[in-house]
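Next up: a single chain in structure tokens, the form predicted on its own.
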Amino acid sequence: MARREYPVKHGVKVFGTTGENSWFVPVSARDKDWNLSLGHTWQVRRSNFDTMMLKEAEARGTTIMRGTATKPLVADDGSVRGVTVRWSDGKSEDIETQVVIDCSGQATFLANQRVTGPKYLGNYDKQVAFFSQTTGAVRGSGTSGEDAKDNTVIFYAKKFHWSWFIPLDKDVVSIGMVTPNANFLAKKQTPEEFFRNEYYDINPKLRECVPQMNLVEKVHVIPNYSYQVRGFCGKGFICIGDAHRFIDPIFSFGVSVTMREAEFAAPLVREYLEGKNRNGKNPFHEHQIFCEKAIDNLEDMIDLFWEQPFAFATFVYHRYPDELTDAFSSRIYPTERQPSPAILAFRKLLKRTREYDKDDYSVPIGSRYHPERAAIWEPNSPVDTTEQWMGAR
């Protein structure tokens, strides 16, 4: 499929509670001199995108082996030396490797297998997302800027209540909403009943954009999605993207953060395979703190959006439009002039500091850590909370 057949995105538009006021974050790029310029991007279905990536990997010499990883192979010193794979015929095989890259997303393979440090639920874990796809939605009327017809749109209701509208192709739009899980449990409805009954209450503008729900697939549900994995790098392994941390999907950072982390990890893995940096408990510790600092910047931005939405909108439009455009574009890493003045201003309003301890993590603060709770699992814990947490999902 040619690029021109994909919906063109010029940015993200966010509507406030009444559906009358909005703010817009454009797609932009930085040149080598750090000058900002407007641009555009494309919406590609995840299945198509994954297929492109797979074919490109094969074209570059990768051998694709289709199976299910069931457990890691761990050496006596705690290093990971491969995985056990179950093939489609039901047989299992141990595959020895020098490095295991965990890209399992929210399945958090290595964390659930207790290879990493403990996994903690964050402050957004009591929410649940409902989503499907519809035809007949009303898009923007423009060809560029904030009214471009295929832009992504977010509808804000109140803290932890929001909805999205994402054109996927010329006919189909992804629609979804996030709400506290308690609301869903109290109604005792099926996911589709709840979605149809509650969706339009998120924001008055939604009725205009989605006159009718002509759903073309079932309503999906994802609960309890906020977590952080400590110790996600170590001897013989690296966790990438959602395999170690996820906050709140409102600004859709998941894929971009995953790809950028992979980009930063690739040369480190090559060096490791060449025999470099093999000493020490965690040969990838610098990469680990590099990624943590970046996602901390995102967390501070998302937290301020929920805690002080009016201040956030003021920063986007008036005080720090360029710096926040950078953040929305996932230019969040220490090598990209981060934390920016905008992020530092957010921390001041949140009364938050970021100081990194000897384990390469910021001191537990903010939304992602609750000392009054146990972790999903703790090393050597007398009580295994993993099954309890999985049951709650």
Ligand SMILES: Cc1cc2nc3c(=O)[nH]c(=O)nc-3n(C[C@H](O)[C@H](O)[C@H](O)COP(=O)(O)OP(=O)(O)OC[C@H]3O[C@@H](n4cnc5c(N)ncnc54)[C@H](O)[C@@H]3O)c2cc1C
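Computed from a predicted structure; not experimentally measured. Note that residue numbering follows the sequence shown and begins at 1.
Beyond the structure shown, there is the form predicted together with the ligand, which is absent from this document and is the topic of what follows.
Do Tyr120 and the ligand come within 4.5 Å of each other in the predicted complex, heavy atoms counted?
-> No, Tyr120 is distant from the partner.
Does at least one non-hydrogen atom of Ala345 fall within 4.5 angstroms of the ligand in the predicted complex?
-> Looking in the predicted complex, residue contacts with the ligand do not include Ala345, since no heavy atom lies within 4.5 Å.
For Ala265, is any heavy atom within 4.5 Å of the ligand in the predicted complex, or not?
-> Flag for Ala265 set to no.
Answer for Phe290 alone: is it within 4.5 Å of the ligand in the predicted complex, judged on heavy atom distances?
-> Close contact is absent here: in the predicted complex, Phe290 is far from the ligand, nothing within 4.5 Å, heavy atoms only.
Does the trio Ala69, Gly241 and Ser252 actually contact the ligand in the predicted complex, every residue with a heavy atom within 4.5 Å?
-> Result yes, every residue of the spot touches the ligand.
In the predicted complex, which of the listed residues (Pro204, Gly105, Gly136, Pro191) lies with a heavy atom within 4.5 Å of the ligand?
-> Checked against the cut-off, the match is Gly105.
Which one, Trp164, Tyr272, Tyr124, Phe305, lies within 4.5 Å of the ligand in the predicted complex by heavy atoms?
-> Contact residue from the list: Trp164.
With the ligand left out here, work out from 254-262, 89-97, 307-315, 294-302 which stretch has heavy atoms within 4.5 Å of it in the predicted complex.
-> Selected stretch: 254-262.
Though the partner is not shown here, which residues of 130-155 have a heavy atom within 4.5 Å of the ligand in the predicted complex?
-> Only Phe131 sits within 4.5 Å of the partner.
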